[in-house]
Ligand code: PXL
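Here you get one chain, nothing else, as structure tokens; it is the form predicted alone.
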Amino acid sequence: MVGRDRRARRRRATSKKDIQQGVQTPPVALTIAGSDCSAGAGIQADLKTFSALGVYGLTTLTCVVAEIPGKVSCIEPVSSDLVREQIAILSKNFPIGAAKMGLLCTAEIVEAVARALLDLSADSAKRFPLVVDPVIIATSGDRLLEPAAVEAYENEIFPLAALITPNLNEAALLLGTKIKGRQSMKKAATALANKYRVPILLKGGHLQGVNATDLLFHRGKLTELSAPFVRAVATHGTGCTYSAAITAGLAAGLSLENAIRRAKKFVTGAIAQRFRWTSASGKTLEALKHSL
């Protein structure tokens, strides 16, 4: 807490000085994730979300993904050494207020990220809240994370998190069970929080219903967050956008619950106002509108 207060005072002092000089110093957030060539998910979606919410975005690239909404054709990881160096150089030179984690792809990259973050935790001035979106299964159903990497996530990344944001398929995989309705969703959110000892935001968008309801388990309390369910959506990147919006809120100084509530509103609007194209083959392509 002392370290956080010190950083907040330093940011306020710097901001006041820069305002007097006509220089803008927005909050800074980091995304550690893969690149989506269709720009609907991954670091592209994260950067657009950060910008829309008034936060300057930094990136650590973990892999390159060839995909469009509904199809992943190829994933190529970058070297773990390069991943770790990206985090190191950014943390030494920018006042990172919060970070989020998306697709890490391999166990080796998961371990490299964990080591880099542990190195930072030794310096209280460089600590920041981490939102972990455990990107294991894409909206299309494609498996995006190696089985060995899932265990590395659980053992090395989850203990560092301020929040974990699994979708229903990912939660089911982590718990080894099926989640088919609202009651089993409540049990799953509680079970995940008890298992990992970290706040859990279980996203319920894959359940059919009038509302898209997510469950937040935080400080021993289960809270529902609902918004009208937008039907017939053929896009991807909602989880990336949601977690990025939460991260932007934390970087700007919002409490965890307020950051989540604002992010829920943001991602609901991004879905409702989505863009749409027709491809040469006649396929409908949609993408979220990352703006307020």
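Remember, predicted model here, so these are calculated numbers, not experimental data. The first residue of the shown sequence is 1; numbering continues from there.
Unshown form predicted together with this ligand; subsequent notes refer to it.
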Response to the item:
In contact with this ligand in the predicted complex (heavy atoms, 4.5 Å), from 244-252, 47-55, 260-268, 65-73, is stretch 65-73
Worksheet entry | Heavy atom within 4.5 Å of this ligand in the predicted complex - residue from 144, 174, 168, 116 | 144
Discussion item. So in the predicted complex, is this ligand close enough to residue 103 to count as touching (4.5 Å, heavy atoms)?
Written reply: yes
Discussion item. Whether residue 164 contacts this ligand in the predicted complex should be assessed with a 4.5 Å heavy atom distance threshold; does it?
Written reply: no
Worksheet item: Heavy atoms within 4.5 Å of this ligand in the predicted complex: does residue 41 have any?
Response: yes
Fill in: Contact test in the predicted complex: residue 35 vs this ligand, heavy atoms, 4.5 Å
yes
Worksheet, complete the sentence: Restricting to 263-285, the residues within 4.5 Å of this ligand in the predicted complex through any heavy atom are none
